[in-house]
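This document starts with one chain, in the form predicted on its own, laid out as C-alpha cells.
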C-alpha cells in the first residue's frame, strides 16, 4: 500500500499498514481517534484504553520519555491463556494427567514481573524455573508449599543445598541433571542433609528445530545428556538404590520454534525416552518439554523465524495427542506435563515508548532552476540529467547522475572544485535520485541497479532511546519487534524512515521492520510537526530485552511504569521505578560520583585562583554538574 496515492486515510488503513491486528493478538488496536489502544478482557466485557492517555498519566507523574511500560493485565492474560488451553486439550482428549506451567526466570528476572507471575499464577499452581543460584534464591522466597520449581543449569554444592532445603519446605524442587558430574554431588549432599532429592534427567533430543535458536536442540546442544550418559545416570541411581528419585524427564525442544511439525517430532522423541526409562524401572511421572512456544512477532502465521504456523490451542492439543498416541499402546500412565514457556508468557506485557528528537532528510533543497553562470561543467551535466528525466531511461539517468556526482567528489578531493559547487552537485544528485525513486512504483519490473534506491534515500529519525540498553536482540541476532507510532493514525504516514538511537554507534538503529508481505527495510512514519512530540512504540519486547541490555555510551535503564487497567476503563499506576541517573551508571562502571564531584570542585577552585572564572561561575558550574549527576541519562527537553 502506498499512502501517497490514497485520497483519504483511516485508522483501518494504518492498522493494515502496520499489521497491528495481526501481531497484536487482540491486545492492541487503533481507536477512533487514531491512537494505539490496549484492550483488556473482563467478565463483563472488553475495555480499551489509549496509550496516549497512559503516556499523559506518566508525564503528569514526572516521567519523561523514554519509558518502559508494563501492562500487568496482559501478563495475567497470557498465563491464563496458556493454562486454560492445556486444560481444554487435556479434557477434550481424555488425557489422564495434569498440566503445570513454569516460568523460566532468565527470560525476565525483574521483580515486578516475577511477583505478578507468582501472584496471578497461584490459581494455576504456575511454578518457576531457575538456572543459577541467584535465580534459585529469588525463587525460594517467591514460592510456597506445593509449588513447582525446576532447577536447570550447572549446580554446585551451595545450589544443591538450597534446593534440598526448598524440598524440606514443601516446594517440589527438581534437580534436572545437565551433566553426569552433577549426580554424585546431589547424592552426597542429600545424604549429608538427610533429604531425599527429586531428580530429573535432561536428554538431548536429536531432532533439530528451525528458528533463530537451533543450537539449543540436537546432538551439539550445550546442555543435556547423551544416551550413553543417560544410561550411566540410570545405572548409578540403581546402584545407589535411589532410582525412585528419578521422577522427571526433561527434553528442551528449542526456543521460538516456528513450525508445529518440529514440535511434534521433538515430543515424539521425548516420549520414546520416557517409555524406555519407565521400562528400566524409573518411576518418572513428570515430562518436562521445556520451551519452544513461539510468539508471532510479525503476525504472518507462517513458518518463519519471527512467526509461527500454529495457534496456542493447536500447540497444546498436538502435545497431548502425541504423548497419548505414543504411551497408550505401551500401557504407560499419562505423565504430568510441564512446559517452560517464557517468551510467550511475558512478550506482550512490555513495550518501549520513546519520542523522536530530530530528523535528517536525504532530498534536494533550494535548487536553482538553471546552472549558475560560470559553473563547473560537471555540475552542468547533472542539471541536464535532472531536466531530461522525463524522456530518458531511469536506469541510464541514475547511472549518469551517480557518475557525475562521484567525479565531482574526486575533483573536490584534489582541490579542483569548490565546496559550494560540490554542495550543488550533491543536491542535484539527490533531486535526480528522489525523482527516480518516486517513479519506481510505476514500473513492471525494477531494474537491478535501482533496487534499494528508495531505502538509501530514507529519512533518519533520531529516537530518544538506546538499542543496546532496551532492544539488544535487534542488534545481536536480528530480532524484529513491531514498531509503530502510537498516535496520528488518521493521517497518512508519508515519510520512509529508519530510526537511529542516541548512541554514537552505526549499529544503534532500527532498520528492519514488519510488513504485510514479511519484512521491509524502512518504516512509514509521519512528518514531524513543529513543537509537537512524536511518539513511537516498540511492542512485544517483554522477553529477554530488560535483562540483556548494556550500558553502551552509558545510557542506563529507562523509567519503568507498571499499570493495571480497570473494568471501568480507568487505569492505576501500580509501580514506578525511576530510570538510572548518570551517577547510577557511572557507579556501575566503578566510578565514585562523589569523588568525581570533588575532583571537579578542586579544578574549579584552582580556576578561581587563576582568575579564569569567578566565584559565581564556580557555583553555577558545580550546581549544574551536581544536577547532571542526578539527572536522566537520556535526552531531556
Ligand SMILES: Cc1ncc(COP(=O)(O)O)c(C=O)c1O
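Positions refer to the first chain, counted from 1. Keep in mind that this is a model prediction, so the values were computed, not measured.
Unshown form predicted in complex with this ligand; subsequent notes refer to it.
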Give me the residue from 306, 489, 155, 252 that has a heavy atom within 4.5 Å of this ligand in the predicted bound form. 252
Within 4.5 Å, heavy atoms only, which of 342, 200, 127, 542 is in contact with this ligand in the predicted bound form? 342
Among 324 to 332, 430 to 438, 255 to 263, 367 to 375, the stretch whose residues bring a heavy atom within 4.5 Å of this ligand in the predicted bound form is 255 to 263
Residue 291 near this ligand in the predicted bound form, any heavy atom under 4.5 Å? yes
Can you tell me if residue 104 lies within 4.5 angstroms of this ligand in the predicted bound form, counting non-hydrogen atoms only? yes
